[in-house]
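Only one chain is given next, in structure tokens, and it is the form predicted on its own.
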């Protein structure tokens, strides 16, 4: 999902002008944008694109939808990259400002791509929690698995965005949803400390969630930085799980986030 520049005459096709409804600043670098735009329908777990004109070029980047498809207002979670061409400008937007939104969604990190199972584990780092929050806000997801486990890892405690939403989901689905926050660099009494792969290998995550992981019952979805994905897949494969491909269904579904 790298930033791309596109100044060709056809850039107006497939884009609409959206209007910022709200900006939420979780910390000085982490923010969400709520945008009103007339785009094509999407499936929970997919991503869209935002863009702004800069020196005659359209600078665009992909961001996952945080909102469920049932909501009209689009919501995106982003982190400001200090030298980035787009993210600092997005964080400067205020309600009423305009931003371009791609009409067509993309991505395959959706429940339609995941085989049946008893539990569904969702492993996310940073802003990659977005697609999982979109899925968990979709009413039809709760009929597919007995238990959902959201594992959300960040560097610092104030990087844990959407805690009020997660708490509301836990209250609404107390028998089905488990939440395992992980903070790697702060001592947070409410979170585990470390990295997902090591905590998974030691069994600490499973103990916190009170849910086992086994090929016969578990499905896993992983979204985040490539290093976490690589190491987590390796640990899961050591447990007997296999990558999920359309031609050969398995238990590990992956989407790299950058």
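Positions refer to the first chain, counted from 1. Source: prediction; values computed, not measured.
The form predicted together with a small molecule is left out here; the points below concern that form.
Among heavy atoms of residue 80, some come within 4.5 Å of the small molecule in the predicted bound form. Taking the partner from the other structure, the small molecule in the predicted bound form has no heavy atom within 4.5 Å of any heavy atom of residue 36. Taking the partner from the other structure, the small molecule in the predicted bound form has no heavy atom within 4.5 Å of any heavy atom of residue 172. Residue 138 falls outside the set of residues with a heavy atom inside 4.5 Å of the small molecule in the predicted bound form. This chain is drawn without the small molecule; in the predicted bound form, the residue among 58, 208, 201, 29 with a heavy atom within 4.5 Å of it is 29. Checking 227, 70, 40, 53 for any heavy atom within 4.5 Å of the small molecule in the predicted bound form turns up a single hit: 227.
Heavy atoms of no residue among 220, 242 and 253 are located within 4.5 Å of the small molecule in the predicted bound form. Here the chain stands alone, but in the predicted bound form its contact with the small molecule, taken as any heavy atom within 4.5 Å, falls in 147-155 among 160-168, 147-155, 112-120, 91-99.
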